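Single chain ahead, by itself, as C-alpha cells, in the form predicted alone.
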C-alpha cells in the first residue's frame, strides 16, 4: 500500500492558502508530519481521510483517487482527530462496541472479542466498565487509538495525539504506535512535538505556512544542522547580551553564569564548542536559518 500526494492545494473561502502544491509519497511504517501550529498539518490530515476536498490536486492510494473511492477508503482507514470525541454516558467497552458496529462488524460475539482485544492492546482492559468521561487524558487518547483500529485498518492517521499528555503517557502512546507500525500498515503521525518524530518515525515531512519544506528521514534533517549547534559558557552579562539575538535551545545555570546550547550559522567567542545536533536542534536550525521570509528553503 502507498499514498501518493500530487500537486495538492487547499484554499479556504476566506482566502487562506492552507496547503500549497504538496507532492509527497508515504510508504508503510511510521511517517511523521512535523511543523509549527498553523503550518497546514490538520488541513492535510483532513484531506487524507476524505473529510475535506482539496481545491486542486489529488491523493492516490494504490493508484486510486480517494475522492472517487471514499467508501473503499473508509473501509481500510483509521483516524484519530485532534479533537477526539466520545459518548460520555457510555462505558469504555460500550463506546468501542458502538464504533465496531459502525465499522461494519455485524457479528456481536466476534465484535465483543475484538473490543476486549483492543482494550488489552492499549492498556485499558481493566477500565472496560468505566465510563469514558471518567478516564484520564492519557487513557482517553488510548481509547481514541482503539476506536481508530476497530476495523483493522491498513492506514492509520493520527493528528496531534500527544498534546496535553504527561511524559509517561506520551511515551506509552508512542510505543503503542511504534508496535502497530510493525504490522506493515501506514501510520501518519501529525505533530508539532519534535520528540514524537525522533523516537518513532523512519520517514518524515516538514510543513511551514502550508508548504512542504523538507522530506526525508529524521537523520537527513539532522545532517542539515551539523556544524551549526554550539555549547556556550557565558557570564550573566554575556547571557543577557545574546539571549535575544541567538536561538537558544537550552540554558542551564552554572557556577560562573550559564551553559547554553544554541543553533546558528556561526558563533565565535563565548568558549563556544560545536556539538552533535539532535532532531530538535535540526528542526530549529531549519526553521530559523534554512528558510527565507516566505517560508521557502534556501
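What you see is a predicted model, and the numbers here were worked out from it, not measured in a lab. Residue numbers count along the first chain shown, from 1.
Just so you know, the form predicted together with a small molecule exists too; it's not on screen, but the next bit is about it.
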ask   = In terms of non-hydrogen atoms within 4.5 angstroms, which of the given stretches 257-265, 31-39, 55-63, 226-234 touches the small molecule in the predicted complex?
value = 31-39
message = Using a 4.5 angstroms cut-off on non-hydrogen atoms, would residue 279 count as touching the small molecule in the predicted complex?
response = no
message = Does any part of residue 23 reach within 4.5 Å of the small molecule in the predicted complex? Heavy atoms only, please.
response = no
message = Residue-level question: is residue 18 within 4.5 Å of the small molecule in the predicted complex, judged on heavy atoms?
response = yes
